[in-house]
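Two forms, one chain: they're shown below as structure tokens, one block per form, named structure 1 and structure 2.
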Structure 1
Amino acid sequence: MAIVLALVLVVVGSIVFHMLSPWWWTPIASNWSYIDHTLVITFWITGVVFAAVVLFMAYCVYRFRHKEGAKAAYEPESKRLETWLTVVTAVGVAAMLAPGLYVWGQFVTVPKDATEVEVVAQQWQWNYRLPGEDGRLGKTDNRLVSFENPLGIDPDDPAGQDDVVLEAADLHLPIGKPVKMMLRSIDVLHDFYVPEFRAKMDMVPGMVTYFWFTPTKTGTFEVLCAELCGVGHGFMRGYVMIDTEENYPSWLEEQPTFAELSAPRQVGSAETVEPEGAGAQ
């Protein structure tokens, strides 16, 4: 009876803890409420199965407890039980997979009016690239990555000259505009994750992965790496700032382009100022 009581208390305690728990999801800041709905469906299915299995165990412990003179009935096979378990399990798994597959289809089907933004991960910082006045990103190649060209932008591609480059800086995005996040890594596995966006994706060296979302709330949101990427993994953080439509253009104009960053310094030009006292020597 003590075991039966303990099993029942586990179920009741789990339900009470869920209802009174102070730990809830962060407020959503994008269009992906579908992901919240999918998690809720999965939670209820697994929760019902958990309660049913534990309560069934409690019933079996009580119903088939030891009694003087009682003998166990040996039944090695039960086709009826196997059929029920197969059907119930199949229905439960399908009920969890179907919403996820539906949402995944939306997650990777990018709207035609979405703006492309590139996220480049490296140990242990976030870099970004936004399209310039031509509205498109230039070509890149990881073999071109260097100290002077940290994102590996192709200098021979005219489309990349006006690309906005943000190295180890915060990303700004306008509210209400769909964005296609193109993700790549130049060293090891990373994962771009903003909890409030309900959006994340692995970044695999040699591949370009992507997802899209539409910001629905202005503010500052922390970027985390959700894939163990080395000793500095816990410090690989940054921020995405969602601006109003009025503030975003002014911020964008202040950011450097690839052409500006790669332009050689003008040494000995007319603007160079001579050190004080140099003429006396």
Structure 2
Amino acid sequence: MAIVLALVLVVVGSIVFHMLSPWWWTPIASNWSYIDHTLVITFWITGVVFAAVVLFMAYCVYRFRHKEGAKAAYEPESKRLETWLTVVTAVGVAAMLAPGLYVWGQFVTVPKDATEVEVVAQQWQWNYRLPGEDGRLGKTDNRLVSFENPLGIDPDDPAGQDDVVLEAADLHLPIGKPVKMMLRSIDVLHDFYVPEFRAKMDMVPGMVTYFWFTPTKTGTFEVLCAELCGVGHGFMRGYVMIDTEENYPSWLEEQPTFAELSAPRQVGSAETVEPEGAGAQ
């Protein structure tokens, strides 16, 4: 009998926990509220199924528990019932899949007017690159990465000269403009993840991956790495600031371009030599 109680308790407890839980997803700050809606639909459908199955099971155990002299029914199969259940399940699954695929269709279709912004991950920091006045990002290659050229920008590509380079700094983006995040890594896998934006994607050395979104709230948002990238993984954090349209240009102006950075530096090389093991954590 205790098991009947326990089964009911599991259902009731789960529902109560769900309703009272202060642990919930963070308020959204991007255009992907569709994702949240699909999540909520899925919660409802699955929640109802969970409660129904477990409660039905509890009822069966209560009603058909062993009693002296009782005998089970002999009932090998029932075509009708089995067909019926199959159809209902298929419909329920389709009800979740259809909105899911519809929204995925939007997720993978980048709007034409999206600005390209590059994120370059490395163990264990975030770098960014924004297109300069020409609106285009120059070519890159991991083979070109060096101390002076941390993002591996091709110096022979004129489109790259005016690119804005942010090394181990925070990214700013203007509100309300769709952005296509171009994701690169110069060492291992990483994953650019901002909980408020909902979207995330792995960064793979040798490839450029992407996702797009439109920021809908100004403020400071934490960036986390969501793909295991070595011992510093849990500490690989950064910030994205979403600025108002007025503030954004003044920030952008102050950022160095590739051409500025690669202009011959005044040497004080003793100080710029990186100490052994720098960069760890």
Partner chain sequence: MVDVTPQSDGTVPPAEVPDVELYHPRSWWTTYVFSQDAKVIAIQYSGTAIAIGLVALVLSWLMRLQLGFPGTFDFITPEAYYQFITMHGMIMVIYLLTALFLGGFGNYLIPLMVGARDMVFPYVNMLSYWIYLVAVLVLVVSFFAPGGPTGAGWTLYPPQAILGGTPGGQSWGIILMLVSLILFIIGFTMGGLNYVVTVLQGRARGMTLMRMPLTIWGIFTATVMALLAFPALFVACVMMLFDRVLGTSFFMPALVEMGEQLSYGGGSPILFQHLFWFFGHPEVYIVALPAFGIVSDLISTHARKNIFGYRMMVWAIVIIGALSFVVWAHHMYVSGMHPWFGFFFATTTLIIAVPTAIKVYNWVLTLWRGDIHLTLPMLFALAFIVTFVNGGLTGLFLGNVVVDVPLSDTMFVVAHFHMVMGVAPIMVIFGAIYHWYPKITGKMLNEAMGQFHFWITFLGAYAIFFPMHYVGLVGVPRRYPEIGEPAFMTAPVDNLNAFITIAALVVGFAQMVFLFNLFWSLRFGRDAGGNPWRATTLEWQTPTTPPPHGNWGDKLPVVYRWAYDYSVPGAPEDFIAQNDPRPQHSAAHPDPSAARPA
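If you superpose the two forms and keep the largest set of C-alpha atoms that fall within 1.5 Å, you have the rigid core. Every residue number counts along structure 1's sequence, beginning with 1. Predicted model only: the values in this text are computed from it and were never measured.
By the stated condition, namely the form predicted on its own, the first structure is the one that fits.
Taking 2 Å as the criterion, E82 counts as shifted between structure 1 and structure 2: its C-alpha moves by at least this amount when the rigid core is aligned. A displacement of less than 2 angstroms separates the C-alpha positions of A159 between structure 1 and structure 2, with the rigid core held in common. Annotation: Cα of R143 displaced by less than 2 Å between structure 1 and structure 2, core superposition.
Look at A73: with the core superposed, its C-alpha moves 4.9 Å between structure 1 and structure 2.
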